[in-house]
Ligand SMILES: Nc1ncnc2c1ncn2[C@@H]1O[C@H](COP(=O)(O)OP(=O)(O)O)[C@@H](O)[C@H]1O
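The chain below stands alone, shown as structure tokens; this is the form predicted on its own.
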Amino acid sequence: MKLTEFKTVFLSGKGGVGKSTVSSALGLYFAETGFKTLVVSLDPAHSLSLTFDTEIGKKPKEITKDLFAVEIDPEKEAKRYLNRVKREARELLSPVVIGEIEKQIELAYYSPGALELATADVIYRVAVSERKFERVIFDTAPSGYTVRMLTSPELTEEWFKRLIALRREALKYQKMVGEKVEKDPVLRILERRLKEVRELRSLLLSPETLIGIVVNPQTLPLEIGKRTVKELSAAGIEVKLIVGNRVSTEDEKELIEKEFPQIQKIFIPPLKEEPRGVEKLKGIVKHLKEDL
């Protein structure tokens, strides 16, 4: 397996294991190889600014040649996503009911899964519909959130398929009672959203997409890593890489090998200095090149 074969990378793992550091180093590796690369932080506790030792905002910032970074705020993206739903509702629904519908949409912001759906929408926009970079690396939030986010397209696809079937049934009955049914705007929006969800799921399952988990040689990160592999596997998503970060000894390597026997691995030793800034990240890039 060659890292440069993958066009999209998702890195997961327990909080504090070094996902942002590994994501940044991998982005630097891709950029040095000649690919225009974007590193995207999806973690509310953004660390890219610290890792790259420069302020990073909500728009891609150039870090060095061919390397860009951006920090996405999931809560703001959830509001943006729901505002989009509101706009579509206003185009379709009667003013008599739109007020109540908008109240329900506002409540949806606080519902389980809202942040995951909004984040999935960001991933679709960055990595599919508006793709402007040759390589995209997603530095995700801690594992539990990441699992829900990565598996949400499968559940959402079934939901949209059911809504489309119900809408078609309603249109059929309208025709049966003699109503004139032209191109239905509700059906059009549902079918477009289903297409987007399917494209996102195809991205996650693509052989050009790498799902990786960053671990440390400690009990909790390893147990969370194993659980993440199991949960993603149950959703049909294969974890293709384990990154053992801050691994000091052969015994620690063997421990990680034992816990993840069938998955390719990279081992990164502890660094003498905190890897902040491009020059210090090159120490990690060296190990990425050596191991794969």
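Quick note: we count residues from 1 along the sequence shown, nothing fancier. This one's a predicted model, so the numbers in the text were calculated from it and none came from an experiment.
Heads up, the form predicted together with the ligand isn't pictured, but that's what we're talking about next.
Q: If we take heavy atoms and a 4.5 Å cut-off, which stretch out of 61-69, 263-271, 227-235, 26-34 is in contact with the ligand in the model of the complex?
A: Looking at the partner contacts, the answer comes out as 263-271.
Q: At 4.5 Å between heavy atoms, is K240 in contact with the ligand in the model of the complex?
A: K240 lies outside the contact set for the ligand.
Q: Is there a heavy atom of T54 no more than 4.5 Å from a heavy atom of the ligand in the model of the complex?
A: No, no contact at 4.5 Å.
Q: So in the model of the complex, is the ligand close enough to K253 to count as touching (4.5 Å, heavy atoms)?
A: Outside the cut-off, so no.
Q: Wondering, does S49 line up within 4.5 Å of the ligand in the model of the complex on heavy atoms?
A: Heavy-atom contact with the ligand at 4.5 Å: absent for S49.
Q: Out of 1-25, which residues reach within 4.5 Å of the ligand in the model of the complex, heavy atoms considered?
A: Contacts from 1-25: K14, G15, G16, V17, G18, K19, S20, T21.
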